[in-house]
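Shown below, as structure tokens, is a lone chain in the form predicted on its own; questions about how it binds or moves come after it.
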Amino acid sequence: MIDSPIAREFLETGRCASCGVIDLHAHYGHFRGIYMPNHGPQQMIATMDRCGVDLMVSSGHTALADMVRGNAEMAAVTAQYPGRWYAYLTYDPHLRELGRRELELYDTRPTFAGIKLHPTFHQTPITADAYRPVLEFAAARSLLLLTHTWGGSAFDSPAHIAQVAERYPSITLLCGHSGHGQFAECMDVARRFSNVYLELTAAYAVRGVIEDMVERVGAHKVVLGYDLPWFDPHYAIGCVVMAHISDEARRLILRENALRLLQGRLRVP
């Protein structure tokens, strides 16, 4: 048994009430081709309550295929849960004019806390000119930007992230999945650039990865996500709670780092 008050509390109650979790990588809604029984708003909030998640930032599944409809949907859903649920604006690099209009709407949607990119889904390298408008928008405002990253990807590998981090130092980049399959390379990027953070979705399940991140990069550069409603938060939280790291590191990963990154970016009390 790990000697940790946080771990004991989690094992005894199923929650970390003394360290309420903040989730920086969630989704919303139905996704064609897979059964997700808890993808509705009330169900997702109920899952947060059950697992001790205080706050969540998510993008919409719809927005991947229909940016305009999906972003509007996220604005409407998150407005129902002020202080608990915030949204990322999803940007489609194939629709530059519509994308410009979506960026113009950013300030009119008070629950938007940052930008979400999925270069692999849109089959466009994040370094391509098609992403320049959204990256320049995010850089001008020093926004939080969550992007999908994957090892060996032709669109969002750690090498791609390094180029973006160097070109746009005012953007705070969250590496979704931490360059899964190229964890060491992604850790190197996070170590090199102060604006790059490692995000744990799917990575948490790989034995020893959390410990390596804390040792090689530092717990202050790691944040939690778990792709809700794809996966249950209990497993992801448990991976952090039961990792061989200090309680200080657990608090940073589960909560404090996200609070620091979101400070000044949340417009609903």
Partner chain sequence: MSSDIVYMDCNVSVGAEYAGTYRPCLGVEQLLAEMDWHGVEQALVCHTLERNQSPVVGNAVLAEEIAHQPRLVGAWSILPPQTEELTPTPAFFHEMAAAGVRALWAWPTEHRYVLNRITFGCVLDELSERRIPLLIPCDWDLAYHVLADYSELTLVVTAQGPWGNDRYFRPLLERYPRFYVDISRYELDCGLRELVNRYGADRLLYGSAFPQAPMGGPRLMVARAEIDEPSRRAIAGGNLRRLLEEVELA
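Keep in mind that what you see is a predicted model, and the values were worked out from it rather than measured. Positions refer to the first chain, counted from 1.
There is also a form predicted in complex with the partner chain; it is not shown, and the following applies to it.
Novice: So, Val209, Ile237 and His244: all three within 4.5 Å of the partner chain in the predicted bound form by heavy atoms, or not?
Specialist: Looking in the predicted bound form, the three residues Val209, Ile237 and His244 all sit within 4.5 Å of the partner chain (heavy atoms).
Novice: Name the residue from Val68, Leu64, Ala205, Ala219 that puts a heavy atom within 4.5 Å of the partner chain in the predicted bound form.
Specialist: Of the listed residues, the single hit is Ala205.
Novice: Which listed residue (Ala113, Met187, Val134, Val196) meets the criterion of a heavy atom within 4.5 Å of the partner chain in the predicted bound form?
Specialist: Looking at Ala113, Met187, Val134, Val196 one by one, just Met187 meets the 4.5 Å heavy-atom criterion.
Novice: Spot the stretch among 179-187, 122-130, 152-160, 89-97 with residues whose non-hydrogen atoms come within 4.5 Å of the partner chain in the predicted bound form.
Specialist: Every other range fails; the passing one is 179-187.
Novice: Would Ser18 count as touching the partner chain in the predicted bound form under a 4.5 Å heavy atom rule?
Specialist: Ser18: no contact with the partner chain in the predicted bound form.
Novice: Does Asp54 reach the partner chain in the predicted bound form if we count a contact as any heavy atom within 4.5 Å?
Specialist: No, Asp54 is distant from the partner.
Novice: Please check if Leu259 has a heavy atom lying within 4.5 Å of any heavy atom of the partner chain in the predicted bound form.
Specialist: Contact with the partner chain, no.
Novice: Answer with yes or no whether Asn38 is in contact with the partner chain in the predicted bound form, where contact means some heavy atom within 4.5 Å.
Specialist: Answer yes; at least one heavy atom of Asn38 falls within 4.5 Å of the partner chain in the predicted bound form.
Novice: Would you give me the residues of 120-154 that have any heavy atom within 4.5 Å of the partner chain in the predicted bound form, in order from first to last?
Specialist: Sequence-ordered list is empty.
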